[in-house]
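One chain comes next, on its own, written as structure tokens: the form predicted alone.
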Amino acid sequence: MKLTKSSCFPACPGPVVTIVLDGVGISPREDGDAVKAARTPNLDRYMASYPMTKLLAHGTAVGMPSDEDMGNSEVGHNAFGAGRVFAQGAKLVAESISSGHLWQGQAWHDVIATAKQGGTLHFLGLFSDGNVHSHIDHLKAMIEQAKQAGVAKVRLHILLDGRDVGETSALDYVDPFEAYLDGLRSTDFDVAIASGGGRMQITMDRYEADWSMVKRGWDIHVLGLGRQFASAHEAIETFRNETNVIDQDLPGFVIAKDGKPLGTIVDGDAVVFFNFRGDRAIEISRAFIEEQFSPFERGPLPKVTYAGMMQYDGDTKLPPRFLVEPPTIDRTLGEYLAKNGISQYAISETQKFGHVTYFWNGNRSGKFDEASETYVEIPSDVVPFEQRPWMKCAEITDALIAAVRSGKYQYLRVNYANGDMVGHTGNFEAAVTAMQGLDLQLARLIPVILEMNGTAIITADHGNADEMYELDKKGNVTRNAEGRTKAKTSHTLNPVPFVLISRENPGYQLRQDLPKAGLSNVAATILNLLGFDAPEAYDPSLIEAQ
């Protein structure tokens, strides 16, 4: 993995710093755009005064099945770090189902065999067609295949979305799905929804930010401990009336008949966690698998056959049983730099720390080289992000400025989570505040990078805060009869910025012959800035010698 010194690009005399403004896209409209609405004089100046282009950050440009699919932070950081586009979770699962490979795999045979020996087959996961963590069509395909295979009893544990889809769209999925189940149900096939709750309330924590979410999910799904309802529809309507929160924040619920839960998870059952994305699947998988487990009190661990849709962590082999092989991402930027003696520094707060490390490194835990790499995690606040939209951007910048000034690192990368995490709340004013907080940090950081004769890249992994209102099919903001907008909490299909900030006359310019440039073009660009030619397999650099 020896890199070749470039004859066209001299190495930057100072550090090269990639700044990922997570969830900050470029919208074609102003209405509902918190990025444009915010007062960001520094970002505006950098975008106007330095070389800038737009990058594709969704659809096939990041390995998703179609250009109607949103990008996300995981596939975005995979593309940044890999320098190439790999087929991602949603596409891999869809292909595995359509080809029939999923049904031929050992993991599927294991869960079916367990269920046919008298156990219940449980499906647990995010219940929508957002195609970011999961897709409801994958769930339907598995239910139908289970029935065809002779499974007698299936229970569903649904995590309500309201984040990658409309914020109050849960019943748009639940009601047709109940009708779908009615069509499948028969005297020898018992299928029903057994539990559920909002994805930000139960089960789907990540990066060990709030294990209490996972415990609440465990109590609901496994033990059947929670408020009981006759149906998911009743639970959703009741909680909406009582709490006035959006779907992702709805409390957990248990479906019961005559006071008895319909689907607790017990010895001899099989469980499939049907999310394909790993970050919010790891903790609940650990709870089902680990014999020695300390994050919360589970009670007696049921002896189940557990499978993930994919293997969520290749290094720890979690879970050991999985239905679809993940993409094999090798020869990442981080590995090349580590094996060529280039010192690296990666920093973010908890919510995005895994993105500048694990996902950037090709879904690989740990470092390539302990001696030359430094990873810094700033603990995130455990509060709703709209209450503190600045999050930890100042603390991140404090540490990053110190690292830049230290002179120890040739390449540094940072993720500021604000645009995405606050954007997901649907709170427009909070998103505006988040952007203004980020702009203050850029005003502190960029001058230090230039002072050290460095080069800064400002970019993003996908859009979010740039589109805070729901749109109609023509791309116009949706308004009700009273003229009110409806909050949008999902990612966007908009391109993202790529701004190159360096000293005067750096000797290169942005290429104009890459009309479909995307996030995967960034890695080769970074290597050029560090004075190396990019590997042949990498997507082209965004710069050329003048």
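Note that residue numbering follows the sequence shown and begins at 1. Values in this document were obtained by computation on a predicted structure and should not be read as measured data.
Beyond what is shown, the protein has a form predicted together with a small molecule; the following relates to that form.
With the partner omitted from this view, the residue of His122, Arg413, Arg199, His135 that lies near the small molecule in the predicted complex is Arg199 [heavy atom within 4.5 Å]. This chain lacks the partner; the member of Asp313, Glu386, Asp219, Asp164 within 4.5 angstroms of the small molecule in the predicted complex by a non-hydrogen atom is Asp164. Residues within 4.5 angstroms of the small molecule in the predicted complex, judged by any non-hydrogen atom, belong to 156-164 and to none of the other stretches in 223-231, 466-474, 156-164, 320-328. None of the heavy atoms of Asn363 is located within 4.5 Å of the small molecule in the predicted complex.
In the predicted complex, none of the heavy atoms of Thr203 sits within 4.5 Å of a heavy atom of the small molecule.
In the predicted complex, the small molecule lies within 4.5 Å of some heavy atom of Ser73. Contact check for His491: a non-hydrogen atom falls within 4.5 Å of the small molecule in the predicted complex.
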